[in-house]
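This document opens with one chain alone, in structure tokens, the form predicted alone.
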Amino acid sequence: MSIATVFEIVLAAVVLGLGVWTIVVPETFSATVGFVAYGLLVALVWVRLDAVDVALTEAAIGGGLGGVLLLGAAARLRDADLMAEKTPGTLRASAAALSVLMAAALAGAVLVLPDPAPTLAPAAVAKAGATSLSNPVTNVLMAFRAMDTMLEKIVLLLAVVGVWSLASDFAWGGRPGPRHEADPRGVLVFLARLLPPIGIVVGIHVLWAGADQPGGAFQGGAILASMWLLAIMTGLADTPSVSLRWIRLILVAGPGLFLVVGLVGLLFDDAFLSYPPALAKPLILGIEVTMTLTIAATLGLLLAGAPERSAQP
């Protein structure tokens, strides 16, 4: 048995154990921390499966932004721990049984797949030259399932609108979330001054490398959003007023450009989101750059929450 095999067995055991612990632990904060650690370990699993693009997304969302969102929710739901103590044992047993049945159903679905499993990978590889992009994942997201990719970003935009709609009439158009303050001599403030310049460069690199290597708009945008939120959490920056025109333009720029390119393809190539071969790569890169800014702003504002304060500083 090789070292790599031993590592994979240990990793699988730790992931499974951590997943079970996250479900059964009664404290909300402990469950949240367990979920964040679970997301980071799952990212390692994706790396071992040679799915680096998925690993980057899992680390950024499952272990990063998703963890921040859940920690904020846990802080606002302090009474949840008291409610958990009153949960009937039958309800917990039913939830556990349902989880086991779901896991068994998924395992059964995987085991009954034919060998080799049906795949569109050969067709995607055969047509990869049409977009001049070497990264097969980007090819699939921007060509084979471009409609789904565009609609996913529209869903994120609608999610922001939904969060904003939770604001009171007094706070509508104001700044999301509370004004954070941190110890100016603390470690968190030091990291907030040190990491954002590095994170911005890394985010831009991940975006640009996505054409030929693992990366892309979502991963790059998630990194940029993390750096922005770090500055906000330490008080070095404040959340912008949701009534600002430039914020709203950034939020609609990505889906808007995606839609315009799709309509141009419909007019000149008789198919929605059909890229002219000579312009395929520039158009896709233009969409990716714009979507990176939109994703960064969308994720940051989603985590900031509904407007709570006046638009004035």
Partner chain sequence: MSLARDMMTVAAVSAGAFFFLAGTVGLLRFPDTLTRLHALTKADNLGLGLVVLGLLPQAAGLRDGLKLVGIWLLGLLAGATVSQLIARAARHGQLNR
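Positions refer to the first chain, counted from 1. This is a predicted model, so every value here is computed, not measured.
What follows is about the form predicted in complex with the partner chain, which we do not show.
Please run the contact check for residue 212 against the partner chain in the predicted bound form: heavy atoms, 4.5 angstroms, yes or no?
Residue 212 lies outside the contact set for the partner chain.
Though only this chain appears here, would residue 183 touch the partner chain in the predicted bound form if you measure heavy atom gaps against 4.5 Å?
Heavy-atom contact with the partner chain at 4.5 Å: present for residue 183.
Please run the contact check for residue 195 against the partner chain in the predicted bound form: heavy atoms, 4.5 angstroms, yes or no?
Yes.
Heavy atoms within 4.5 Å of the partner chain in the predicted bound form: does residue 191 have any?
The answer is yes: residue 191 has a heavy atom within 4.5 Å of the partner chain.
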